[in-house]
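A single chain, nothing else alongside it, follows as structure tokens in the form predicted on its own.
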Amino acid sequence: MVSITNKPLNHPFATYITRIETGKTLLPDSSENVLDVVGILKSYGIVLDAYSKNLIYISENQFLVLFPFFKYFNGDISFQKLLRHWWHDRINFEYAEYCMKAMLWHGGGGLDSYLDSAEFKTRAAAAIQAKFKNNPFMLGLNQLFPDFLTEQVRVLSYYSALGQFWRVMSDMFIALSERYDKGEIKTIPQVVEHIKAGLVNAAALPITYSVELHGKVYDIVPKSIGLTFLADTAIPYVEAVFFRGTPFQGTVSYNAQAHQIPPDQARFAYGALYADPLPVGGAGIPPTLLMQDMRHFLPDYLHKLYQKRSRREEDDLRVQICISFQKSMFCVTNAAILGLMPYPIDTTVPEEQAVNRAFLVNWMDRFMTSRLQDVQVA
């Protein structure tokens, strides 16, 4: 039988297409890469657990609170905790909000479409009326500026959706670490397979959002809309955070006349797969917050690897974490590619192989300016 996978491919990243078609991975398989990726995903899973709980707490318990001074406390407010917060001995929940705003701004998926629908506006209006039924000033303000509070409900819907998405991802990464500790995970293909299986298993999980106001539950994003984990949160998240992102202040000029930022959002390439790790630690670089959070939960074996690998030891720890994190994100992207393939990767039907190859070429076109070449270290 003629197989398209045996035909030469004229593409700068043909090597990676061949790798995926032959069951290999974007990131080279080596024991050090496995340690790098599993270790960083363990710390990332712990941080995502905290991010997820806080995002869901804000969406459900800080609903239309205009000045949510204690939104990062998850309802547990004490003087000692306030002191730790001011001393900055805490998780940087601001990074979670940064990712949420990136998803809101770039949009995509069924959630974005639904939040522009008439049904959403009707449901949001009912919740707004219930929230401020005893506040004539806010109801009057809502009459004058009817889009203001509706937009806040739209933002809170993204808080909830991202919180639900990260809940799944956190459990998936912690389970990966536990399997590694048991000796069940030894290769990068096994890491990718674990993540792919997790994405597939959670693909159809419903994404919903409700708030309780004065003893009554208001469904802002009801289950009947049919939003699901993979299509409506995972894919938009990959597009918004892995690929597009936002230009980091201080690294590019926001002056329109300088033309350093593309005028079209679809051409943005500031996401996790493109970012240069070296600026991490600088002012205005949001991923610094994530790297700072993850450094608190690094497993000992990864910490020792950093000390062994870098002559600067602790001085460039955040940069080392960012490099590991970027490797792990290519594994997650690899898993997403396999999970979204139009046909099984091992199909022997030429027509299906051709469709799969076109699908992979499209992904590789987007990787052309990414850091894929830079992570090719065994």
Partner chain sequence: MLSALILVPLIGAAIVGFFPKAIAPTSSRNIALIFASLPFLLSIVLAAQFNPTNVTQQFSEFIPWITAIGLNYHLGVDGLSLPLLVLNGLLTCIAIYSSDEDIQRSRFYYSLVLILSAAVSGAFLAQDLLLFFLFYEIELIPLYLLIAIWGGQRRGYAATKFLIYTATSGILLLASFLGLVWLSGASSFALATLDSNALPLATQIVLLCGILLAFGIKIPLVPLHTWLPDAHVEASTPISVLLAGVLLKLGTYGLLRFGLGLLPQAWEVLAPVLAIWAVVSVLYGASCAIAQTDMKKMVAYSSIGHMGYILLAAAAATPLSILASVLQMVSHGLISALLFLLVGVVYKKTGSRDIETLRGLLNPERGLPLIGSLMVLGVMASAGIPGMVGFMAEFLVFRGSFPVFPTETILSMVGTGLTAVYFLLLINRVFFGRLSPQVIDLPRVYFRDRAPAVVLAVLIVIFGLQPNWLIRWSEPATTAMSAIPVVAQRSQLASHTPILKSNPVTFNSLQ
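Quick caveat, the model's predicted, so the values are computed rather than measured. Numbering follows the first chain given and starts at 1.
Just so you know, the form predicted together with the partner chain exists too; it's not on screen, but the next bit is about it.
Proximity to the partner chain in the predicted complex, single hit among Val280, Met100, Ala240, Leu176 (heavy atom within 4.5 Å): Filtering the options by heavy-atom distance leaves Val280.
Single option in Asp276, Glu193, Glu119, Asp112 placed near the partner chain in the predicted complex, where near means a heavy atom within 4.5 Å: Going through each option in turn, the one that passes is Asp276.
Of 39 to 47, 58 to 66, 334 to 342, 306 to 314, which is the one stretch near the partner chain in the predicted complex, taking non-hydrogen atoms within 4.5 angstroms as near? The contacting stretch is 306 to 314.
Does Val34 reach the partner chain in the predicted complex if we count a contact as any heavy atom within 4.5 Å? No - in the predicted complex, heavy atoms of Val34 and the partner chain never come within 4.5 Å of each other.
Is there a heavy atom of Lys327 no more than 4.5 Å from a heavy atom of the partner chain in the predicted complex? Heavy-atom contact with the partner chain at 4.5 Å: absent for Lys327.
With the partner chain taken in the predicted complex, which residues across 315 to 335 come within 4.5 angstroms through any non-hydrogen atom? Residues within 4.5 Å: Asp315, Asp316, Leu317, Arg318, Val319, Gln320, Ile323.
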